[in-house]
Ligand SMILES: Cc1cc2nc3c(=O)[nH]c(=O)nc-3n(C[C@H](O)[C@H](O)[C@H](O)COP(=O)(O)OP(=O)(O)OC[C@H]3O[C@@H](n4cnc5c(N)ncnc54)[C@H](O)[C@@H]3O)c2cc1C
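Read the single chain below, which is given as structure tokens and is the form predicted alone.
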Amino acid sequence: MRNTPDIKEFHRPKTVTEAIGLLSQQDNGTVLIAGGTDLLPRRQSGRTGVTKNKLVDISGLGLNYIRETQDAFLIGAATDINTLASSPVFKTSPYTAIIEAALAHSTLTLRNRATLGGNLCNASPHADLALPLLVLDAVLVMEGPHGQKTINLDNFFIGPHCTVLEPSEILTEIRIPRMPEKSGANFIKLTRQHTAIDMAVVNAATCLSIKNGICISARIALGSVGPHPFRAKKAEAFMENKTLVKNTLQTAALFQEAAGLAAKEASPIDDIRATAAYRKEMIPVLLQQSLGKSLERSLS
């Protein structure tokens, strides 16, 4: 097996418009990169991208940033994951879940190159960063030959390593709306070998918004237990309008039932990391822990 990709063309556009033009002119052998950390593993595994040998590098387009507005946090798609992990912007609840997911993503060295946009566009079923962004209602900004459009992250993934992004479109920005004041979120990840490079056996994120002791909004996202990261919407609907009090048997019972509903929404498979049955069994365990942490953070 070759350990280096057979690259025929390499382009480094100076503007988003130029990059879109290049993508529009190229055939299906073209791939967009920023950090490029997924390129070689994808080729070696035989997954989509193994025959792609024309690269368009967008790392120089100024898409590495984190900005705040009155209504949202804006993250450039080429922002590296270590920048997310160290950003003071996300050190308050509920946005701390982003830092938790970033720190759980591979090694320090890889995180210096790997980008948020790449993690999302790769559309891996176990993508760590997708989960806190799902529960934080993130919106994606994409640009293509016909202009700019936005889409909720919840509608972005359509299958394993497959998204709605068109071949001539670029993901340019991720927008996270400001959450209600009493909101808490958490990311949790179960791995097999407990090393930094482990892919998740199951990963999950939750977010709860509380007003006067009532759950006014619940978000529950799961990874590694379906064809792509997804929100467990039946479990979310069950949690809404429930009275939640920290460290009570009643609240624990609600979390247990919600976690069980979420497990029923999952469709895990057997692979080298775990069996489908084990994954099903661990979903409620992780979610009960995550919901408890989210509630604690929402009340602090």
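None of these values were measured; they are calculated from a predicted model. Throughout, we count residues from 1 along the sequence that is shown.
Below, we turn to the form predicted in complex with the named molecule, even though it does not appear here.
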- Task: Only one of Ile81, Ala185, Val202, Ala221 comes within 4.5 Å of the named molecule in the model of the complex by heavy atoms, so just point that one out.
- Result: Ile81
- Task: With the named molecule left out of view, choose which of Met179, Val139, Ala85, Ala104 has a non-hydrogen atom within 4.5 angstroms of it in the model of the complex.
- Result: Ala104
- According to a 4.5 angstroms non-hydrogen atom cut-off, is Glu169 in contact with the named molecule in the model of the complex? yes
- Task: Using a 4.5 Å heavy atom cut-off, state whether Ile99 contacts the named molecule in the model of the complex.
- Result: no
- So, in the model of the complex, is Ile158 in contact with the named molecule at a 4.5 angstroms heavy atom limit? no
- Is there any non-hydrogen atom of Gly117 lying within 4.5 Å of the named molecule in the model of the complex? yes
- Options 206-214, 221-229, 147-155, 107-115; stretch whose heavy atom lies within 4.5 Å of the named molecule in the model of the complex: 107-115
- Can you tell me which residues in 203-218 come within 4.5 angstroms of the named molecule in the model of the complex, by heavy atoms? none
